[in-house]
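Next up is one chain by itself, shown in structure tokens, the form predicted on its own.
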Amino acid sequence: MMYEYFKNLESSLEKKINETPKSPNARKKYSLEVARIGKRLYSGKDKIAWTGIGVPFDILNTMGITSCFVEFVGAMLASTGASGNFIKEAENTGYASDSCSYHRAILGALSQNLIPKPDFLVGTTLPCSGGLAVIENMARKFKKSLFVLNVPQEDSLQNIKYLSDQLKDLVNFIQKETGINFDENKLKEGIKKTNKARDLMIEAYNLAKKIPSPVDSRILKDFGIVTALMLGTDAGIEVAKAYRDEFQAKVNSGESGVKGEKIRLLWIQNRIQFRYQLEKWMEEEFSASIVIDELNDITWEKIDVDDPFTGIAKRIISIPFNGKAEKRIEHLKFLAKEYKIQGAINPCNWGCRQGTGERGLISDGLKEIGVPVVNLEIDCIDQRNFAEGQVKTRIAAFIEMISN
């Protein structure tokens, strides 16, 4: 089912891109690469790995492994309207209904044998223990080996060395599990591509800061977290370049992403993954645009191609979700100032202990710089309890407040 879905999606997007080959087609090219990753995961031909968030996908890509963090599957199932059945399946097998729905969705799909068998798995201790538990469940189900990256929270020379050594152990683990030999030169070439994509993404983000912004509320949805899957590849460069080019063209012509942009918003953590009209409605009713997502940022320096493991370790530790809430809040403040936003929307995804547990701290932190936050209670994956009317009422009142 999923292989056919991704195959058809790939074919459809290729056709649309070919119809306007001179256009940057940023979102279409992004979606095309996502479809290709999904197709490879379900093809039964590629070496594949299921992982946690924060895994060094450039290492895996340069070793010929197609890999993906498990939360991606939950989001994909929601986008197709199929997550509800899988979440219900997980609940019927004993998983609590108040646990993370990203994880319940994949556990439900796992119990129905709809997740392809990996060659190995890689878990991480960030951003949450729930994701690591899912990876452990999958390793047991498939009887495959699991490698866990223990990510230190503090940025120190000792911790960077500690994580760098683990990354070298990960390479040895992959060699043992797949029989693929590690090629240092391939990794160096991959790191060059990672650095190139990084530079292009920074250019795109800087263009998004312009007033008016060239972005609408949908074009950068999930962009930062998903393009991590393309690090170390030509596809990652092409997608980042398409975004840079599309935004540059709009800035040059004075075209804004949202006509008559009046309200600039920050979206905190995850977007809603199932189909809904909230963003379009905000644009049409209030000329309000989500110009920045919390997960869309580059927080790491260029990686030294002659010392890639150290650079990758620094990158992983730099993720704002790694460590104290204080680190994350300072990053949110930075984004709010850089993008000159007037308000922030926090969906407070049900079941996310990290997200909901920090909501008060986030509201207080952004209040210190004059940025109000509306905290919603939304399950970003499970549509069954989504009350769109109530959510619109809350957001309308919020936008009216920040408009005055």
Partner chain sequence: MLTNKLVGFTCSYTPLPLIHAAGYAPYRLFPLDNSKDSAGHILHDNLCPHVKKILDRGIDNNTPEMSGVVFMNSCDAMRRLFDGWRKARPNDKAILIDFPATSDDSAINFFALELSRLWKELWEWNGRVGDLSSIKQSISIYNDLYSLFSDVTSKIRKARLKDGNLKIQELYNKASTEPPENIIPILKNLQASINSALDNDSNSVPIFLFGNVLYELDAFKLFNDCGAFICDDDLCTGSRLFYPINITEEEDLFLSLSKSIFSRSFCARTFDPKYPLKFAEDILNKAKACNAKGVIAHVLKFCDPYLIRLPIVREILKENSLPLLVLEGDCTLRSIGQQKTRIEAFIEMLR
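Small disclaimer: the values here were computed from a predicted structure and weren't measured. Positions refer to the first chain, counted from 1.
If you look for the form predicted in complex with its partner chain, you will not find it shown, but the lines that follow are about it.
- Taking the partner from the other structure, its partner chain in the predicted complex has a heavy atom within 4.5 Å of a heavy atom of Gly323.
- Although the partner is absent from this view, Gly130 contacts its partner chain in the predicted complex, with a non-hydrogen atom inside 4.5 angstroms.
- With a 4.5 Å cutoff on heavy atoms, Gly94 counts as touching its partner chain in the predicted complex.
- Not displayed here, its partner chain is approached by Val134 to within 4.5 Å at the level of heavy atoms in the predicted complex.
- Proximity to its partner chain in the predicted complex holds for none of Ser12, Asn18 and Met201, with the criterion being a heavy atom within 4.5 Å.
- This chain appears without its partner; in the predicted complex, the one residue of Gln248, Thr125, Asn206, Ser111 with a heavy atom within 4.5 Å of its partner chain is Thr125.
- Site annotation in the predicted complex: the residue of Val239, Val73, Leu265, Leu107 reaching within 4.5 Å of its partner chain with a heavy atom is Leu107.
- Comparing 331 to 339, 46 to 54, 28 to 36, 353 to 361 against its partner chain in the predicted complex, the single stretch with non-hydrogen atoms within 4.5 angstroms of it is 353 to 361.
- In the predicted complex, its partner chain lies within 4.5 angstroms of at least one heavy atom of each of the following residues of 147 to 165: Val148, Asn150, Pro152, Gln153, Gln158, Asn159, Tyr162, in sequence order.
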